[in-house]
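Here you get one chain, nothing else, as structure tokens; it is the form predicted alone.
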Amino acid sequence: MAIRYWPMAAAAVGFRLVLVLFGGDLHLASRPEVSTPLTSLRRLAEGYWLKQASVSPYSGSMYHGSPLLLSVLGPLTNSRPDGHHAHIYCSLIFVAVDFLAAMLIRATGHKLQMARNRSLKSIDLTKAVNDTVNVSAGDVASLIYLWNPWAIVTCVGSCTSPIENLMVVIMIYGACSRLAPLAAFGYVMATHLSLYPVILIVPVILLLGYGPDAPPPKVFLIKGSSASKSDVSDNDKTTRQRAVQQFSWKPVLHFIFWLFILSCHVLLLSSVILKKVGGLHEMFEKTYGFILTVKDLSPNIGVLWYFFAEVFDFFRNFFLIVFNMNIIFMVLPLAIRLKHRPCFLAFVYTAIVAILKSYPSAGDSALYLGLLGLFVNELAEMQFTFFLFFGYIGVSLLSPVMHNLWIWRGTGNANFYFATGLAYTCLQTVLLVESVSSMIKHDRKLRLLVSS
């Protein structure tokens, strides 16, 4: 399957630039599907104005983001004398950030493809598997991310989600490449901008220790036992033994070292930025605390805003613990089952976060759908793809309609918009379950091919 990658990538970037420069005011920044209290550029501009007035940017209930973003993007939100919209410069930066993220996704895909081909060669299944489907996973994933409508509206819609997505991609690429400093940088920045990527430390450590995704170790053991009974050269046996990677502690220890160093640097920079206008304690309370306590119940494409708007205050703390711990409970079982595919595990964790986080946005879905493209070969036999594809399109079209009927026309109510959010959550759950099931079936297929 040949893909003309660079013309399509250039067209995606050009389309973004056209929307930014000549699209006028599309009012995407006010859409609850695009912008959240954590990623809104308007809130960032308000926080920067407060900081310039020698007031804590976290005073009130407007800004809940990183102080580092205030220093980087804050000056670009000021009004300009040249007649351009103040946020257009941030949007241009987001276009470049999206392109860089797509390039890193492509590079990650190429590394996974090389590791996949090497593993299949070691168990003599290259021809049997590649005859079924063999496309460039990196190119497909990169183009999915670039042409995803949610990634485009997030990039153009004046929110900081592209930066958060870039940090997650940097972390995954650094871990796949076994570049401990780069993986630590991406991890520290991703967890600093948003709390939820903290669970990605599990696939990062597995990637650094074992390397990129490979078939289950049982496949190599079956192949090795069958090879020992037959007449196989010593070179082939050595190749198969190398394919079964042993856990390496050296890159993991390097990652922990750089993790500590970079975390101290980020906290130090945040402390310097917030000097005389707050402090680290207020930053943690207004960022991480705001995420965990779900204090802002403005509508979004998730379901928690509606639930906590309806639940009695007496039970609020209980359900906060339940929903926050729900993410943590899934970490260990999935890590045990998918430890031989750490990059796929990172995709699964990213999708779980997008489903269960307190303030989800379209940018979260754009990220995990881009990562899903990295496994286009393994998930070629995935079921319900037609239903999922048109389900995502239907929810994307119905969500703004229901929001308009509820907020602006007054002919609907909150249940209209909540219904689209509930359908969206169900679609994401089906996609996640089917992708994990298809990957397990793919590994089982490899085991049967080796045994036959």
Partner chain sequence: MAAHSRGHPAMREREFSPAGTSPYWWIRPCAGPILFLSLLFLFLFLFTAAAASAAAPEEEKFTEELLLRPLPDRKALAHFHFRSSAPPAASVGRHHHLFPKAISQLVKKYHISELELSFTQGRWNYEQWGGFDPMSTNNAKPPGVELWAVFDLPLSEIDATWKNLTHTLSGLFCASINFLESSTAFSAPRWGFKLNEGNLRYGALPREAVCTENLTPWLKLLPCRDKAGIASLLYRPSIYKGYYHSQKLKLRSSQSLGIILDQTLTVVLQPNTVSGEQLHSNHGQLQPNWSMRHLFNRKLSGKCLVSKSSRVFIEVDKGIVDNVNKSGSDLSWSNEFFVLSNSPDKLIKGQNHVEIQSSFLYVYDASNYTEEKPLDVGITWKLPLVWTCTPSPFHASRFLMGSGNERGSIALSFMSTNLHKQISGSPTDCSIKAVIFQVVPWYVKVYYHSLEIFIDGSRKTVSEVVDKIHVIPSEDKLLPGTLEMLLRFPCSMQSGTLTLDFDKGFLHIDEYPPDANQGFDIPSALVSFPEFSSARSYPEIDPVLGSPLLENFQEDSVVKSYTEVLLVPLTTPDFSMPYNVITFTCTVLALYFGSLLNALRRRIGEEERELKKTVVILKKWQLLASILYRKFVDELF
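Since the structure is predicted, the reported quantities are computational estimates derived from the model, not experimental observations. Positions refer to the first chain, counted from 1.
From this point on, the text means the form predicted in complex with the partner chain, which you will not see here.
Novice: Using a 4.5 Å heavy atom cut-off, which residue among W258, Y306, Y89, Y210 comes into contact with the partner chain in the predicted bound form?
Specialist: By the 4.5 Å heavy-atom cutoff, the listed residue in contact is Y306.
Novice: Honest question, do H110, L125 and G370 all end up within 4.5 Å of the partner chain in the predicted bound form by heavy atom distance?
Specialist: No, none of H110, L125 and G370 comes within 4.5 Å of the partner chain in the predicted bound form.
Novice: Is F387 close to the partner chain in the predicted bound form, meaning a heavy atom pair under 4.5 Å apart or at it?
Specialist: Contact with the partner chain, no.
Novice: Is P251 close to the partner chain in the predicted bound form, meaning a heavy atom pair under 4.5 Å apart or at it?
Specialist: Taking the distances in the predicted bound form, the answer for P251 is no, it never comes within 4.5 Å of the partner chain.
Novice: So, in the predicted bound form, is L21 in contact with the partner chain at a 4.5 angstroms heavy atom limit?
Specialist: No.
Novice: Is there a heavy atom of Y392 lying 4.5 Å or less from a heavy atom of the partner chain in the predicted bound form?
Specialist: So Y392 does not count as contacting the partner chain.
Novice: Can you tell me which of 296 to 304, 183 to 191, 168 to 176, 271 to 279 lies within 4.5 Å of the partner chain in the predicted bound form, counting heavy atoms only?
Specialist: Of the options, only 296 to 304 has residues within 4.5 Å of the partner.
Novice: Note that the partner chain is not shown here; using its position in the predicted bound form, name the residues of 406 to 445 with a heavy atom within 4.5 Å of it, in sequence order.
Specialist: Residues within 4.5 Å: W406, I407, W408, N413, A414, N415, F418, L422, T425, C426, T429, L432, V433, V436, S437, I440, K441, R444.
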